[in-house]
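As structure tokens, the next two blocks hold two forms of the same chain, structure 1 and structure 2.
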Structure 1
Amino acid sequence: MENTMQQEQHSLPFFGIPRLFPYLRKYRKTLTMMIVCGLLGTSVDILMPLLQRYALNHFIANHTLDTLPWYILFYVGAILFASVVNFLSTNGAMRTEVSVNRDLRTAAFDHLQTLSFSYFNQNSVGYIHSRVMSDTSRIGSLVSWSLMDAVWHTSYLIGSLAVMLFINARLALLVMLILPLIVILFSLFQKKLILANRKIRELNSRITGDFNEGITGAKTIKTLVVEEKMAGDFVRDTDEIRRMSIRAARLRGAFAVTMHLASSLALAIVLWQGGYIAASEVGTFSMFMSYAQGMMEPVRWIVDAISDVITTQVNIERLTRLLNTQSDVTDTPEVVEKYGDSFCPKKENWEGIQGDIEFRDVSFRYPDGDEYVLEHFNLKIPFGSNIAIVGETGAGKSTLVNLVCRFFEPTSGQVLIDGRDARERSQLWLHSAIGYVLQTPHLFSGTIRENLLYGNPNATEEQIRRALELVSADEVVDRMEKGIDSDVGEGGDLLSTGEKQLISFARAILADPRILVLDEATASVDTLTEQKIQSAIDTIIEGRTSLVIAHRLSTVRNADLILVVRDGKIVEQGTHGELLRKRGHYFRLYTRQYEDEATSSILAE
């Protein structure tokens, strides 16, 4: 594998639980308390039939009430004690569950922040979302509730069997005979139930997916006139879920009945073989009845807990795989040592950034692609120059700027910033000096002001206003009901793409970056706005290195240098005038676009 591939670790033994130990260590105390209290609680449960036995054998059989007050006191004391320890262990399980959930989610979220672009290229949002949300919650409940169930019920089973063996070994052994039968029966049902539930879950997520598509793609669905097909899929899936749910309910019913039968069988054994016990030992007889009946639930819960352990393996595996995925763009330990990481940047060690960029013999292919996008690419961009990059879709323009921003690293060769390999300094150091405006702008939910402050948290009212005016975004803001404090909706969806573009432009300017990257940033604004932005660009690129990928060639006329990119290579470079005189690629691109624009403006008239 190339060293640029994201490293995912696959080796996981069948029991992945040891992987969780680092996350559980913090809760050692809570877990110990939970287990100890659980054991104490079960001892009281085991004690109850014994107390019953004493009452029957002593008070009833001997017609005496001599120790009754003590008996009552002990009985009530035991019940109170059980209530307290049961509360404590349940509370411990609850606390462990929510804490482990939180820790795993935080770890996953923090880790995701460190991963590079290519991870998000290769894994869908849905996939990542369920790793962070559902895997963590299943693991959280495994290490709390399933663990507690296992402790409670295993100790109850062992304890009650021990008491029975101690009091009447022959009867105890007979009762124990049916245990394997119960275990087998339960496991069989368990397996079927798990399968049915898994199927239901799968269908459910498919339905959620359909639903999402139905909503987010509503316009497309309508314009393609595929409502009927979408509705058909939906009906098919919901029908299937109905069928599976009924099946699961039937299984659960049959399960309950079988359990009842099994416990009756245990009772029958006690009745049949316990009949010979002397009348004075009627308490022993009743005790056996209680234990025999009480054995069913624990067995069921233990089988449940074991199957939880097994089914949660896959969640543990997927989550730990995410947590162990190494970003293919990472800072070396030495760099982190000096420059800090995103959670603890050591800004005092950061050199000021000048803004010289150089590609030195760079070859690059995307981690999941097999063709080189750039090969032996060389380019020097001295500080302060205004570079325009033009070329057809897929030529490699965005790839070039992705490399400058170190969203990806060269497969071979170097990208130098201020004369030093970008890898010698931290990603954060570089990113703090780059302003990047994309063709598909992203705003965060919140107000316009909040979005602008992402660019510079300390910006003054004055600076914000100026940035907005510079890109004519003040008109957008003024049109809105609450002005700058208007909500932009999820992902900025309450604004048009062009409006989002203008806001993200202002945001980049507020950050006052040394390097400004505009990737077809004006593709979604109208010609008039584009002209305004163009004059804004001309002012703001002053004193910065800028890389402008232009959609409309009319906007690059003033660039210091225009690069014409084709198949990852620079096929022409020069100023607008020089390139036109050459009558090559640029000339053809330019005249074609000029004609297109002329035609459409004539048509518009």
Structure 2
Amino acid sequence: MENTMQQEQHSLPFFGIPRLFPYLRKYRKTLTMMIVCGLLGTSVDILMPLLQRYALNHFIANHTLDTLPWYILFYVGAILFASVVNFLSTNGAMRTEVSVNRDLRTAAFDHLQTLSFSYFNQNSVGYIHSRVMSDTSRIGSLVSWSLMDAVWHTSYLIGSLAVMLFINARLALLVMLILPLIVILFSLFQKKLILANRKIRELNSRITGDFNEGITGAKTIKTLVVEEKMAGDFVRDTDEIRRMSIRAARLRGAFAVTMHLASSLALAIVLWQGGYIAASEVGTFSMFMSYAQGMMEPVRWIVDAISDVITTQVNIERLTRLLNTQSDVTDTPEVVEKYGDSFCPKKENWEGIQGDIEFRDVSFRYPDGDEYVLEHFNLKIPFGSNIAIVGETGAGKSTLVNLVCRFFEPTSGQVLIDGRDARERSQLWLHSAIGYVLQTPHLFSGTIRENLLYGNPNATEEQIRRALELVSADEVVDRMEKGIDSDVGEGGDLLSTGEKQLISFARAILADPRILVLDEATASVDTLTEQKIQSAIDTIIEGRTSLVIAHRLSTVRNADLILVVRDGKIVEQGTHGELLRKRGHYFRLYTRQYEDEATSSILAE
């Protein structure tokens, strides 16, 4: 993977800027205005030494003030004109920066919503967060302020050299001798700066991940008493980025100092050769001195701009790699044309969902796996069936559910929904008909009401109350100070795990799904609450196709079909009674769990 990444980086266009063109196209008028105004403002800067030359040669050398009023008027007008165009170019740069930041972050966030689970399994939160926030910020600065720096200072260099060539070609050519030196220095430093800044960006992602783990895993860190280890890991990463940053700063500093020295040579050349013209035309000599001194600041700024572009190339590479990542699960263009996508659904073309599910000769292996989890698997699940999937922890019970929900695609074969391949319709069409209660519940920041309305934005107060009562979540709401309008905190942290589970259960019910998935949904609640939910499940699953992933086998005895998973493969299937009579793996699991529960009950008494 690393080799592929490196090959991709080296194959990028120079600076990676062409990859930004699609995001800059909508701002071409603003960018054009910025460039034009920047060029006009620089033209005034180039004009000033010529005005100085005229004043020295005409007013002082000739001892006359005949055109002074016109000179003053023109001089003041030039300053006012420069102020206006510089304001316009600066204002355009600011608006472009924030607009491009917004567009890139929106594009990155929207693209993340389309990626399959495998991407999030393979990349940390810190890694993704750094691309969406930090990288876009650097790119926005590049296409605004760095662009204007390049326009202002490059045009000043070119314009001043053109004027010097016109006035005195020999002296101007001597000054231009430093340009090949600048090109050579740039080529020597470019590669080293790119590599150093690429490493810094990757380390920054790792540190962001350390922050995230330190915050989200605070309770685990304290209970395991691993504060010292976490702090040590963080210090190690920050020390490494410090070393790399110092190395990059030294390279950048050496580059800037060397370039500054090169630009100073221009002033030395003027002082050396300019004495010959000073005696006859003091104005021309003064003009050359002004241009030579003025060239030092643009060269320094150009060095900074080049360095910023080199640094930002890494950000462009990382962001475009994210945006170019293809999901393992995608809808075909024909499906998108008819049914729309996640952001522009064409619900008028959506067929109703009954809830029949069929696995037809399905073989499957995970994208990063070598072994098949399913091979030529066939199963029909009629609408209204209650299917239980059981097995030991880590046995692979979620595989079937992931395929039904199209979180992953079959390696071969078909998953049919109502007799049609699920891939013939959009993912959103399918997901809109699925209610999913996770083993580890997740609530969004906001109130209980806001979280419930994610399930059904148009739900009435009566529907909300009924869903809460059905799973005994009304007791949680009644205990809260503000009731249903109480805040749940970030990720629901103001509630216990069991309370979050009840709210997420009610949210799924409120969506009134045709297919209901319960992924060990009662694993996080106490025994009394589990009994209440279990009794409600019989009512909830009526009129739906339900897939229940269960660890407690006592909860699935009434299932229409039980699938027994072991080492990622389905080893048995049948009803509770049939599987017990087989005295196979299910029998051993059930017997052992029954004995454990009985022992626990006796000890409790």
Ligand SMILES: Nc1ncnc2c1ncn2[C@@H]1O[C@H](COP(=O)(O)OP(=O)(O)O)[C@@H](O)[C@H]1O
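Not measured: the values here are computed from a predicted model. Each residue is numbered by where it sits in the sequence of structure 1, with counting from 1. Note that the rigid core is defined as the largest set of C-alphas that superpose within 1.5 Å between two forms.
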#### Entry: Panel number for the form predicted alone
2
### Query
After superposition on the rigid core, does the Cα atom of G77 shift by at least 2 Å between structures 1 and 2?
yes
### Query
By the 2 angstroms cut-off, has the C-alpha of F234 moved between structures 1 and 2 once the rigid core is superposed?
yes
### C-alpha of E578 moved at least 2 Å between structures 1 and 2 on rigid core
yes
### Task
Determine, in Å, the CA shift of L50 between structures 1 and 2 after the rigid core is used for superposition.
4.0
